[in-house]
Ligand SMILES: Cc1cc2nc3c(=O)[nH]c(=O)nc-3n(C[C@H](O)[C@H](O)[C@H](O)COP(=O)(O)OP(=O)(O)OC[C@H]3O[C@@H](n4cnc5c(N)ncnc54)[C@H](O)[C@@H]3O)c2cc1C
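Let's start with one chain on its own, the form predicted alone, as structure tokens.
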Amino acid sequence: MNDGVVDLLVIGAGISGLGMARMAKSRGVDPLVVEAGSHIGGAIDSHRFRTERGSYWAELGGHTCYNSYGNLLQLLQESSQLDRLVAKRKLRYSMQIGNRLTSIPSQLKFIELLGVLPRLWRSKKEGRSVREYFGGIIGRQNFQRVLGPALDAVVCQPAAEFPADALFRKKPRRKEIMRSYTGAEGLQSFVDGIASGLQIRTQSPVTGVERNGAHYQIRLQGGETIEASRLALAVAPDVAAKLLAAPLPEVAARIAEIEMADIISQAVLLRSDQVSTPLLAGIIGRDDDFYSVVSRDPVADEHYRAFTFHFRPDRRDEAARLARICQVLGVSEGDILASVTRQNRLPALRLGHAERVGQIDRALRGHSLAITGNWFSGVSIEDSLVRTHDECQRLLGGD
């Protein structure tokens, strides 16, 4: 900070914003992060249930990290966490059809799969929706019965109109790192470690952004203002559009075109001996009120099990959601030791998104302002950090 002016102000303390702050700090820049709520981590939220045996975590949002997540691994290395990774054992996903839990292969129409490889080699993702690309490869029935619901589960919203090239981007793997991992207290462990040493102000909603000469003037709820020489927005697109309406209206207009999807995530804790459901990575819902169920089973515990259901919005109230959870898991409501609910929001990407991002990037050239988040190239943790790395490099230079 020089003469009361912040070197870099980051709005949003999700993984994108924290990543931006940590990357900036490694380049010798002193960042300040402001977060509207009390939680840091954004869509990463490892809830810690209190049990008679201590804390037991379950993921309410993001839950998957792989050895292809190079930017995340770099942040973990810089925050001295790389030697504390917890391996996740490989378990299968199952599919819920009505009140029946079944294997995914049993739902495939194998005749439709004939000739998959030639179609795969000929097919191009660019300019095609998920339905067009993947449905063309595996067949219409297999897409409707299996792959469509599976991709809905991946993005926790109807995925058919998603741009196909926004999913499953290939990334180089670090072979010395275990393939799939988490932290000692879930992914929140990573967030807390990355945030350590950063200046973060929670419960500080930003109400406006203006350009003031060579600086940005940021207004906080309550009337406080902060001057910053550089600014990074790591917030949802609707929030970013509102904040940029005054300083960059053309950018705000493009961002405002991006839709959002709501998800209701509900996690339940049970004793292991109360659940007969076999150990699994998760459950894909087909024509159900939930997109997916994420299990804590990949990190073994002999005493407890937890399951997080990602429900479609406006379909069931809390009592009805709990009843459906009990049906799927084959337990009674009295068996549930604890339950917690969180409202999640994710971007709903559509065809033409890459062109829109290109327009945004061209309009940002020459500005000391960066925009990042999970709504540029994909919704995964690493997709978010790839964007963050690129924006940090544009804004501050360096590797």
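One-based numbering along the sequence shown. Computed from a predicted structure; not experimentally measured.
The form predicted in complex with the ligand exists for this protein as well; it is not shown, and the discussion that follows is about that form.
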message: My question is simply whether Ser94 lines the interface with the ligand in the predicted bound form - judged by any non-hydrogen atom within 4.5 Å.
response: no
task: Consider Val379 of the chain shown here, and say whether it contacts the ligand in the predicted bound form, taking contact as heavy atoms within 4.5 Å.
output: yes
- request: Answer yes if any heavy atom of Val239 is within 4.5 Å of a heavy atom of the ligand in the predicted bound form; otherwise answer no.
  value: yes
- request: Please check if Ile44 has a heavy atom lying within 4.5 Å of any heavy atom of the ligand in the predicted bound form.
  value: yes
statement: For the ligand in the predicted bound form, the stretch among 343-351, 50-58, 24-32, 356-364 with residues bearing a heavy atom within 4.5 Å is 343-351
message: Please identify the residue among Ala159, Ala234, Leu231, Ile284 with any heavy atom within 4.5 Å of the ligand in the predicted bound form.
response: Ala234
Sole residue of Pro247, Pro205, Pro313, Gly127 within 4.5 Å of the ligand in the predicted bound form, by heavy atom: Pro205
message: Using a 4.5 Å cut-off on any heavy atom, which residues of 13-28 would contact the ligand in the predicted bound form?
response: Ala13, Gly14, Ile15, Ser16, Gly17
